[in-house]
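In structure tokens, one chain follows: the form predicted alone.
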């Protein structure tokens, strides 16, 4: 077996930076990537309209001032092709490709207690050995399609937004269905509607969707960011969600109706998801949240002409922000088109697929193609699809059967030298994930250098530290409205998955300080030998 100091699983934002950081510290590293190209999530999400919901200059690496000076983003919210070009530029600029093996899936990782090494199995049966394994496979990379009855009998074309074909897909003159109205559905629906003869949107849950207000970046915006990059990057790291969003320290409940309306209107006009920071009680006080929900529903009713369709689009039964807010361009306006029909699956659920369509409890829809915008086995799916065995042969799948248990979202008791980037128990999906990725990569890199300096072989979380952290994560979430939604934050989109709130909601800045404090105390909570 070929030996390495570290094996990294995944070549997206996390895997590329982890490779750069460890290689720069003198570690031998091998990155394994299942895709035919680098990019991770942004390699696979090639559907029409795919776009990030964090602003481009913030959704980028900050570790290299030279990289920031030479790369120039074109839009406020970057589209998938531009993000993929950026990541390929990073790989080429820093010479990362020789240490990345594409078209390779890691299927298993087993810890050898005696050798204190990981044996990593690849999909072709090859095994490699490494002292450290870093899971950088992403929080939203395991696409899933619900087991709809009769789906195997459908003879039309099928697509999943998370595994879109590399080439163009033409829906001109076709009868197309879309299942799912989360972030990817909201982005793909308006563009497919422009091509399809008929588009049927099968809505499982109404989402709160904000206008993106995307636009080209102007020279003044670009130069301002470059001139103030150190200050702005520090603000991101110290912020609640890793962005430059302004969070107002005022109560929506206590504000006057005029002041509240003005603040909400400002958020709607600005676009993006910053409206959730308009007041300090929107995510913790149901009364405040209801005020924002009422405002957003009013905006939908102003846009959508058919009152029945508007009612279905505003039928949310959970707080604003408890599911990830969607950003759309012309999303609600699409339902004013003559060729678009909304099917409310809460009222008429899918009964079965047929050879040429899908039948609900009240109608059969003839389709040429079906798009599944049905999301992912989020946060844990990309980790648990690898058969990970710790000391004594213990199984991570078994240990996480009732929900993921980590210390800081970085590591797990019983799995020495296994590290997670933006794992459950970290800010991850509640943050600008690139900011969280950089913080995790740098922390892991520093930790491995510490082990080498101290001539230590292994590191893992103590059971006590892990369980205290899990309790802390749950306690913080319980103080908010977030657990009130059946969201993928809770694992609720996957049948049989434990219902636990997985990300750390305490904020990026607070989390960073905790991690720094633990490192400064010689990695308190870790058992090293």
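Fair warning: this is a prediction, and the values are worked out from it, not measured in the lab. Positions refer to the first chain, counted from 1.
The form predicted together with a small molecule exists for this protein as well; it is not shown, and the discussion that follows is about that form.
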query	finding
Contact residue in the predicted complex, from 238, 345, 122, 91 (heavy atom within 4.5 Å of the small molecule)	345
Heavy atom within 4.5 Å of the small molecule in the predicted complex - residue from 195, 205, 280, 352	205
Any non-hydrogen atom of residue 323 within 4.5 angstroms of the small molecule in the predicted complex	yes
In the predicted complex, residue 183 touching the small molecule (heavy atom, 4.5 Å)	yes
Contact label in the predicted complex: residue 418 to the small molecule, heavy atom within 4.5 Å	no
Contact label in the predicted complex: residue 71 to the small molecule, heavy atom within 4.5 Å	no
Options 359-367, 374-382, 393-401, 122-130; stretch whose heavy atom lies within 4.5 Å of the small molecule in the predicted complex	374-382
